[in-house]
Structure formats: structure tokens, C-alpha cells
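In C-alpha cells, the next block holds one chain alone, the form predicted alone.
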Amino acid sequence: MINLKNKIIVVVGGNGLLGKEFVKQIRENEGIAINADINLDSDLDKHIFECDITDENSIRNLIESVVNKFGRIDGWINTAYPRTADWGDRIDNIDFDSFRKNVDMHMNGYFIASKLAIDAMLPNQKGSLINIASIYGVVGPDFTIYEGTKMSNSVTYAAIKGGIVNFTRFLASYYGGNGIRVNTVSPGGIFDNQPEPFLSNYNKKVPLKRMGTPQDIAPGVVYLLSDAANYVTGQNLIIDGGWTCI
């Protein structure tokens, strides 16, 4: 039942750590994945398109081009990760301008992309939109996992991802009568060559005793895009190895 054959699915942030795997698994499930990201050459014959989620006109151009080429949009994933250079600094070092700029780029980018993507789905009265959030949009951070490293947890990230989770619920409620399903996927920590002290601290806290991988997250995304999830909307699918269960 989980098949994406001929579905036109846009992945905004398709060159990212998670986005690349989303694109790959959509294509493996016979979907047509449009990799939309910054610094790409726009060529829809190759299923790639340049898009900056912080720029409304860039998003509009992407949507208009995809609809003109393929006739519709069946699925949309917001997984872009725009951020400032001070991202991840301790809250003591984050000034208001930085906080506001990150919210504008990330949270507000997801807002306008979601709104415009859903507008493109409405004529067909069907579609699936997924926003990528995080466990830190659901629970507070455990700062002990950063001991022995220079790493910290971003207050801006928590605010943005928490907002995205409930924004998604709003969209699901508002557009459900139009056949549009809107869900969130909240990954736990994803392995990306973090320092050994962090990995050790993190793994001790997770029931499955390891960090996640993009390959762990993508199948949940594929499911929510598929017709097997036709009665699933407004949900936050947490894929975290059990982090939030204890």
C-alpha cells in the first residue's frame, strides 16, 4: 500500500542531510521527487530547482514552474534549515536581532511555503504536506548531553520547532475539509560526526542506544506522503529511538 507512483512531490531543502534521503526514498518508491534547494540549477527535466525558502518570490516561482511542467503538486516537504552564523550559541550570547532573524527565515519560511503549496493543491482537493520539526519542539533539552563539548542547544531552534508543530495542527484542521493532509515529522538527534563525548552522552539516554540516521526518518515521511496515510492528518510523528518516552 505504501507506494508513491507518479506522485509529484517537492522537497524543499532536498540537498540537506535529511532532504537527500527523502528525495532518494521517494524516487525508490516510484514518486517524482523535485529537489528544491539553494545553489541549484533549475532544470525540471532533471527534477531539480533552485529555491530559497526565505524568499517568497522564489517559492512562488518554484510552485508555478512545477505546476506548469507536471500539472499538479501531490506532496510537499519543508525540510530546509536556514540559520545565522551564531546558530547553536548559548542563550546568553544570543541577541534579539539574531533570534528574530532566525524565526523570520525558518518559521516564517515554513509558513509561506506551506500556504502557497496548499494553495496549489486545493484545485485537486487532495495533497499531503509535511513539516520537519524536532524532538526539541516537543520536549526541553537535556543539557547534560553536551558536557565535555563546545556544543549547546539553541533556544531559537526550540521556539521555531515548537511553533512548527502547532502550526501544522492548525493547517490540518483548517484544510482538512479540502482533502489536504498536513503532518509533522519530529526526528531525534541525527548522527553527523558529532564529538565522541556528545555521542556517548546521547546514546546513554536513548532506549535504542544510538543516534538516528536519515534512513531511519525517511520511511515515516514516505508513509505520510502515500495513500496508506489517507486518514492521517494533524499528527506529529516522533522518530527518536525512544528519547521522548522516558
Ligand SMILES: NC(=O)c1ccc[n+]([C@@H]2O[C@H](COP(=O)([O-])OP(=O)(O)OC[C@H]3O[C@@H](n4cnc5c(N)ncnc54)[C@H](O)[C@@H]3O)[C@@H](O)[C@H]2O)c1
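We number the residues from 1 along the sequence you see. On a predicted model such as this, the values are computed, not experimentally measured, just so you know.
There is also a form predicted in complex with this ligand; it is not shown, and the following applies to it.
- Each of N39, P82 and I132 places at least one heavy atom within 4.5 Å of this ligand in the predicted complex.
- This ligand is not drawn, but in the predicted complex it has a heavy atom within 4.5 Å of G188.
- Mapping the unseen interface onto this chain, T54 counts among the residues with a heavy atom inside 4.5 Å of this ligand in the predicted complex.
- Taking the partner from elsewhere, V10 is found to have every heavy atom lying beyond 4.5 Å of this ligand in the predicted complex.
- The shortest heavy atom separation between L17 and this ligand in the predicted complex is within 4.5 Å.
- Of the candidate stretches 73-81, 167-175, 94-102, 147-155, only 73-81 has residues whose heavy atoms lie within 4.5 Å of this ligand in the predicted complex.
- Contacts between 88-114 and this ligand, taken as any heavy atom within 4.5 Å in the predicted complex, involve H106, Y110.
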